[in-house]
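As structure tokens, one chain now follows by itself in the form predicted alone.
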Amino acid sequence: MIYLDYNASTPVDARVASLVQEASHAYANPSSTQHRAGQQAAELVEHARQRLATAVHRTPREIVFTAGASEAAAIGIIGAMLGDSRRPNVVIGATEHKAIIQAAEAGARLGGGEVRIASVDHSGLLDLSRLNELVDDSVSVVAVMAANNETGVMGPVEQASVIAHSRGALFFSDITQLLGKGDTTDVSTHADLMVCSSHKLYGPKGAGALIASRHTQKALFPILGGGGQEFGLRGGTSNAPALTGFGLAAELATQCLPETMNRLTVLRDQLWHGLQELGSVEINGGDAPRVCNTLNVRIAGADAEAVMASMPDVAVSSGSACQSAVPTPSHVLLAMGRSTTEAGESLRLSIGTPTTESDIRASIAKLSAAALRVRELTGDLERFLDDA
């Protein structure tokens, strides 16, 4: 199988898998620092914290480990909304990940506030004028993702953070799809809260992080306080092996970032140029800056689900993996002005470091053949209905 769904999840790097297996022998609770076994487990977690902090240009005490980016988003967004009763509202971009949207909705219900949605243009770029109108002194947090998980479109984080901070709101940015595929320096400089996930970085599942200064952490209501682990924001026994793998994965993903970005950009562009031979193919978000590995294409006249069914040996997606079980059009593409039909004809193709030129050539051939087959069948069906 050719795998082109790296934005959904990545294979675990062999070096990371080896370290996770080694770390699994540290069976003690990292919070049990009264004895050497617990201390050894705690040392693994703290080493991972240092590695991730370096990768995102922060300090170790700003890293709050969680079970994933979705949990981290809930802790950060809901915690911010409940942390100040005078600021019960939240502003988010229309194309945010579903985890961000649902965290915002939960925070609004719990705190008696509202979720305000900032629109995007046809390329998926945030409308900064509209954002400016929506943010006032009743808003606790503004969420604008660094890179969209479906289109790869990069958000205007610096400008959005200026708007948020000018009204006294915290600025939140999801860097899950940027880390390891782009430079996070600017986002880290401007964001009060960031979230990321291990399994998007060739690390193990079940590990993520909320990234925030100690000052910001103290402003959050601890919705998962538990036993006080992770600076009181995320209770529960730390998954030392998974976090150990997460730390190494983050370090490896940022070690050769320029080379990785250049290589993936070349492969992504080769894929796009090959698919253009089909005709009537468009890039969703093509006019905006995008991360190096992501291509979201609309193939006119070819239903995306039918195309995927016609090429079972190529793994792609018709939207976010988190909503693939729900048969509804992508909220991201609808927000960008696509019709339901157009959104239903769109595929997300995301490549990764294991992707080769041979994979790209084979994918172009298989995708093209599947799309042409679906177009032909669709035309046959339409002619049959017209004659009936």
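Predicted model only: the values in this text are computed from it and were never measured. The first residue of the sequence shown is number 1, and the count goes up from there.
The form predicted together with pyridoxal-5'-phosphate is left out here; the points below concern that form.
Chemist: Name the residue from R116, H199, R290, R268 that puts a heavy atom within 4.5 Å of pyridoxal-5'-phosphate in the predicted complex.
Modeler: Exactly one residue meets the criterion: H199.
Chemist: Report the residue, out of S330, S346, T355, S70, that has at least one non-hydrogen atom within 4.5 angstroms of pyridoxal-5'-phosphate in the predicted complex.
Modeler: Looking at S330, S346, T355, S70 one by one, just S70 meets the 4.5 Å heavy-atom criterion.
Chemist: Is M145 close enough to touch pyridoxal-5'-phosphate in the predicted complex, meaning at least one heavy atom pair within 4.5 Å?
Modeler: M145: contacts pyridoxal-5'-phosphate in the predicted complex.
Chemist: In the predicted complex, does N149 have a heavy atom within 4.5 Å of pyridoxal-5'-phosphate?
Modeler: N149: yes, in contact with pyridoxal-5'-phosphate in the predicted complex.
Chemist: Could you tell me if T176 has a non-hydrogen atom within 4.5 Å of pyridoxal-5'-phosphate in the predicted complex?
Modeler: Result yes; T176 sits at the interface with pyridoxal-5'-phosphate in the predicted complex.
Chemist: Please pick out the stretch from 225 to 233, 81 to 89, 191 to 199, 253 to 261 that is in contact with pyridoxal-5'-phosphate in the predicted complex, where contact means heavy atoms within 4.5 Å.
Modeler: Result for this chain: 191 to 199.
Chemist: Using the arrangement in the predicted complex, list in sequence order the residues of 242 to 268 with any heavy atom within 4.5 angstroms of pyridoxal-5'-phosphate.
Modeler: Nothing in this stretch is in contact.
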